[in-house]
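Next comes just one chain, in structure tokens: the form predicted on its own.
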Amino acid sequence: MAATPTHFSVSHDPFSSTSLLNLQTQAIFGPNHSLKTTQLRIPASFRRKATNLQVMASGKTPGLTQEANGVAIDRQNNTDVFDDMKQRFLAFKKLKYMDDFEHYKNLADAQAPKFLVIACADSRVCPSAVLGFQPGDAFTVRNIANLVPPYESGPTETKAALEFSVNTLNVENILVIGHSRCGGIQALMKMEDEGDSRSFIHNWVVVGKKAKESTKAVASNLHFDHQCQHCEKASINHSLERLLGYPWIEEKVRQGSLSLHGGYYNFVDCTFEKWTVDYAASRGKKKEGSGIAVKDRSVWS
């Protein structure tokens, strides 16, 4: 006896999650079974797959949908941020790690970065994203307001990073990167001289007090925002000057095996300004107590 073909009622959208569910239900319970009388628990993974099928079938990409490793991720509907992170990691492994396996295998044995980067912890100014550093390119330390503490002060993670990268990794360049609308610099500029000694922020940004004083000396008549912008750049140069106060850093700079650079990332108009410390000229300015001299200044826009 020939089997009677089963007829399915399918909506005009063959990839909708409801249509797929209708197909599954009719195949299991028969064509006359109604979804309304059956309580089914649909796994979240199935719903996500159905949504992804619909996206691929329509050829449209929602505004907040990313595709990583061939999987569409809808951030609006994804309640677990680590699902998104997982897909980005798998995309990195497939598209970068496996593609350049020998490089990553060598990195597993040792690192030999050319740069030490001192940047702000601000989430908007990741050096790798902005300047394209790849794994193995830059030993990076990030702190509030990208400050370099004086050599004479107590131990900090920034000073440990300086010691390790310069004396053990033998980096050839130190790049201090500041940026626009820096919250750490704003806190410094607003801070009263006495401040709150119990505040971790106060006890850290006070490291930039000299930059604040030099800004007030020349820009006190400007709007507060412009004072902060001036201080953001002044602070970079004061940090570069402080680096020369570390004996083993100055020795390498004097020998020519280490160069010091400043950078300023303006994320409002997406420009990057870069300059290099002129050590020979800075020695004369140091005797005068007037900061450092710079050269090779350029703006990338």
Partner chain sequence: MSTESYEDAIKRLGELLSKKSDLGNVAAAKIKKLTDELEELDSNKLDAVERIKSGFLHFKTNNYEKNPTLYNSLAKSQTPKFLVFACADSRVSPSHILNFQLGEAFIVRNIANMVPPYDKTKHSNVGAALEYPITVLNVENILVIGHSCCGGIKGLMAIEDNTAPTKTEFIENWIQICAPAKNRIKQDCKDLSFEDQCTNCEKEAVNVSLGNLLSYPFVRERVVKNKLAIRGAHYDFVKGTFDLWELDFKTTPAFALS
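Since this is a predicted model, take the numbers as computed values, not measurements. Numbering follows the first chain given and starts at 1.
What follows is about the form predicted in complex with the partner chain, which we do not show.
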Query raised in the report: Using 4.5 Å between non-hydrogen atoms, is residue 157 touching the partner chain in the model of the complex?
Result: yes
Query - Close approach of residue 230 to the partner chain in the model of the complex, 4.5 Å, heavy atom - result: no
Query raised in the report: Wondering, does residue 189 line up within 4.5 Å of the partner chain in the model of the complex on heavy atoms?
Result: no
Query raised in the report: Would residue 221 show up as a contact with the partner chain in the model of the complex if we use heavy atoms at 4.5 Å?
Result: no
Requested in this report: Go through 113-151 residue by residue and record those having a heavy atom within 4.5 Å of the partner chain in the model of the complex; state none if no residue qualifies.
Outcome: 113, 115, 121, 122, 123, 124, 125, 126, 128, 129, 130, 131, 132, 133, 134, 135, 136, 137, 138, 139, 140, 141, 142, 143, 144, 151
